[in-house]
Ligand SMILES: Cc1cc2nc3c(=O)[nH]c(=O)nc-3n(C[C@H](O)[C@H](O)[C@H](O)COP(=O)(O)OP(=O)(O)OC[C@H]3O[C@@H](n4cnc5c(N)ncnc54)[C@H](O)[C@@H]3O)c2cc1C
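One chain comes next, on its own, written as structure tokens: the form predicted on its own.
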Amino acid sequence: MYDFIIIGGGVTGALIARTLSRYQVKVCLLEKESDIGNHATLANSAIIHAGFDPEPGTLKARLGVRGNAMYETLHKELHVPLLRTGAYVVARHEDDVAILNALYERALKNGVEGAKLLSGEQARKLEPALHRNSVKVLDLPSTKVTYPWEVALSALENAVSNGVEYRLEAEVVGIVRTDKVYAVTLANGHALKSKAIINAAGAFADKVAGMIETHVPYKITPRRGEYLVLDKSVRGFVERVLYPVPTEKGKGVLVVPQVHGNILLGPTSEFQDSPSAVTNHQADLSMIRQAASTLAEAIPFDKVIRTFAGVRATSSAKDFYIRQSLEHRGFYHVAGIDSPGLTAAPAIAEYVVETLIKQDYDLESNPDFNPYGMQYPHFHEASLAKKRQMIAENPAFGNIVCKCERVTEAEVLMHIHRPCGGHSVKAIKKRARAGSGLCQGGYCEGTVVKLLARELKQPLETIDYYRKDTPILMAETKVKR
């Protein structure tokens, strides 16, 4: 019997798990995929927004500004990467200026620190690549960029070290409440019991809610966003996040420096029926190029190394829907977490636990709670003397697996065996960055497969690329006769 079951292993669910681990409660996080954070957490713009856009008084406004500030603590405690870029919201013609001025007033009402207006000329002195037609910008110095997936991983690993359990490939297919206890049935046939449920299932939240609610108080409409990724050789092309003036469809196509040196262009914004379809479309990728080119001059599109798409969980509630069920005590909805969901995630976790759950449950502090996460070494960032020391202590640091990102065998092994280790090619790519560079795994992928097979003691042909049953190798072709 658990005190809390969290459904969904994205950044929101992981941070809720960590927040609950501060207390003496038994918690289990369930994720239907073979790794955590495989959906919206993995495929988004990675921006910690300043809070200029949400309507004042909404949860998005309140929790967005609070979450932005909380990332400084996460950076210190969990070692999550944080790039303090700042941002410009760009008025590209005179018709945008009135909207920009209104956004400035909204930023002040929302408590955004340091917001100010600059002329296009002033802004270009600080950001030379800014398009020459930019007439005015809203400067947002509190904007930051992180690596969203690493936030989720670090939060969950810290939660696990503080007593939380988690299960992968644990798709929930049924929820029943009897005698104040929830019975949760998984697709694999296993059944779990809990006193309370936290539904943080992202684009699938309304479907999970429909398993227990007579009337689901919101509808999730999946919204696909596509992106282009520029190689890290373009580092410094822009220093700040560049936004256009937003429209009713969202914040628009952005230019976003990334923590590892790449630059992200996107997203598009297209509603779709499927909560999991992430196919790229040529017309949308072309639109990204055109839209981004109105923000910055001479974008080096010849440096595009990959494209991807993600799905955002847009809610009919028009705001985050975070509240206890009106029908079932102990069932908590954490739904409609679209932009600025990543920004607000730590504040959402705090709100769910400290405001909602504490109204109904007496939580005793965990005296053994340790807020600090593990810090994993990056060989290529070490000094020459430190590298020599690392190789002397572990010769596997002397074997480069990924030339583009300079990832060593020792690092791959470390990320296979860490508490929430990676057991597929893409899981290692997410953790160690092997395969994230210019050749996109062309050099290192085969070696990663061999290392996974060796360490997991599995045949090569059973090693998955990403999800379950996605092997790269099908059969041996070069055999002795």
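Quick note: we count residues from 1 along the sequence shown, nothing fancier. It should be emphasised that the depicted structure is a prediction, and the values quoted were computed from it without experimental measurement.
Although not depicted, the form predicted together with the ligand is the subject of the following passage.
Worksheet item: Which one, H415, K426, R433, K32, lies within 4.5 Å of the ligand in the predicted complex by heavy atoms?
Response: Exactly one listed residue reaches within 4.5 Å, namely K32.
Item to complete: With the ligand left out of view, choose which of D96, E350, E77, E171 has a non-hydrogen atom within 4.5 angstroms of it in the predicted complex.
Response: In short, E171.
Fill in: Contact at G8, V311 and I337 by the ligand in the predicted complex, all three, heavy atom at most 4.5 Å
Per the other structure, all of G8, V311 and I337 touch the ligand.
Worksheet item: With a 4.5 Å heavy atom cut-off, would you call V208 a contact of the ligand in the predicted complex?
Response: Close contact exists here: in the predicted complex, V208 approaches the ligand to within 4.5 Å, heavy atoms only.
Worksheet item: Taking heavy atoms and a 4.5 Å cut-off, does F331 contact the ligand in the predicted complex?
Response: No, F331 stays farther than 4.5 Å from the ligand in the predicted complex.
Worksheet item: Hey, in the predicted complex, does M70 get a heavy atom within 4.5 angstroms of the ligand?
Response: Result no; M70 lies far from the ligand in the predicted complex.
Worksheet item: With a 4.5 Å heavy atom cut-off, would you call G373 a contact of the ligand in the predicted complex?
Response: Outside the cut-off, so no.
Worksheet item: Can you say which of 77-85, 311-319, 387-395, 212-220 gets within 4.5 Å of the ligand in the predicted complex, counting heavy atoms only?
Response: That would be stretch 311-319.
Worksheet item: What are the residues of 216-232, in order along the chain, with a heavy atom within 4.5 Å of the ligand in the predicted complex?
Response: The stretch 216-232, when checked against the ligand in the predicted complex, contributes G225, Y227 at the 4.5 Å heavy-atom cut-off.
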